[in-house]
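A lone chain, given as structure tokens: the form predicted alone.
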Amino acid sequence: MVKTIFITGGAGFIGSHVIRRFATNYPDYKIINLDTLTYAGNLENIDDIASQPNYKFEKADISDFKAIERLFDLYKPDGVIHLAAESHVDRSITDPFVFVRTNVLGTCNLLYCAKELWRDNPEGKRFYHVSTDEVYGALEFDGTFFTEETKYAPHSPYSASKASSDHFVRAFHDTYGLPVVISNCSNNYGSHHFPEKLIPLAINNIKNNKPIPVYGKGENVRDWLFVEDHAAAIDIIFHRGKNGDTYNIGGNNEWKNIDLIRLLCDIMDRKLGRPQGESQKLITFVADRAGHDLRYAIDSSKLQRELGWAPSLTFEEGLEKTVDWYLANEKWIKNVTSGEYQDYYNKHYGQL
């Protein structure tokens, strides 16, 4: 194998798409998937490539330094693409310490092990840290966008933990010369998304005629990025990004939550053969989230200008593709919502 790459969080939503892309497009790379399999880690997400000879799964908690040190010593990776993170804002409000342990301490463990391994030979090595636009705080409805120069202003325990991890990555670059890149992305959507998040939750609830919860009045705005476009951007940045640089990845695609849900209802009505407008009756406004940021919007012009990346789909096209996937994969949804997916590791890798 030409390179050995650690991809952390590869059983999660975004991570599984990155694993699939790298294992498929780079057969001469050894892809090691490091995932501790929390509630959001689902090995069924990558069942289709699990038997490929250049792929291997290692169950590991990035907050366990000894476990991570052992894996670095065993595989001696040439690169790390770090996606593993606790990412659900509501959960961070309930228990911020889990987010500190995984997102901050876990990132530091990976950084330190990479620094030690590559100390004498950093050439051709790369530590790629995948972050979020939420570290930048919130925007007004004033036409401004988050750029790579926007000051950090996190408002939730989740975004604060990610901001901290970003700072540690830059500190390891500036202090030790570790070859790093960082990307900050907007909200992702697509297949294999854990159904506590807005779009898969809404699809599942519409299908089952259950209320669709919408925070406040649904006026919060997010920039939506198709997950396969995100994986393509990660591929480009990992291979061609400049050491020490940050790249924003966005879909150039702002939607109010309520408008998104209405569009999704119309698509679902058409797909399910229901009268148009039927599913919108399921929309249920609920108490707003504490510290709920009003608007996120990414300026990804640096990535487009310097590395030639651009979104491949409009939001309407991507949402149609996403709905089709969920409707065609009832077993996956059933396994996730019932918890059966958590038995996958036992069945294929032995007892936990």
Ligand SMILES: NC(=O)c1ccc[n+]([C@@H]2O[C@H](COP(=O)([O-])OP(=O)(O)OC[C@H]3O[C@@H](n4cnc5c(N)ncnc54)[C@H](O)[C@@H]3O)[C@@H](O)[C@H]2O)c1
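Numbering starts at 1 and runs along the sequence shown. Bear in mind that the values here come from a model prediction, so they are computed numbers and not experimental data.
What follows is about the form predicted together with this ligand, which we do not show.
Proximity to this ligand in the predicted complex, taken as a non-hydrogen atom within 4.5 angstroms, holds for one residue of Leu83, Ile206, Val181, Leu178, which is Leu83. Between this ligand and the residues Ser87, Ser156, Asn248, Ser279, the one pair within 4.5 Å by heavy atoms in the predicted complex involves Ser87.
Using a 4.5 Å cut-off to this ligand in the predicted complex, each of Gly15, Asp61 and Cys185 places a heavy atom inside that distance.
Looking at 261-269, 120-128, 185-193, 72-80, the stretch with residues near this ligand in the predicted complex, meaning non-hydrogen atoms within 4.5 angstroms, turns out to be 185-193. The closest heavy atom approach of Ala11 to this ligand in the predicted complex falls within 4.5 Å. Proximity of Thr102 to this ligand in the predicted complex: non-hydrogen atoms within 4.5 Å are present. Contact annotation for Ile46: none of its heavy atoms lies within 4.5 Å of this ligand in the predicted complex.
Interface membership of Arg274, defined by any non-hydrogen atom within 4.5 Å of this ligand in the predicted complex, is ruled out.
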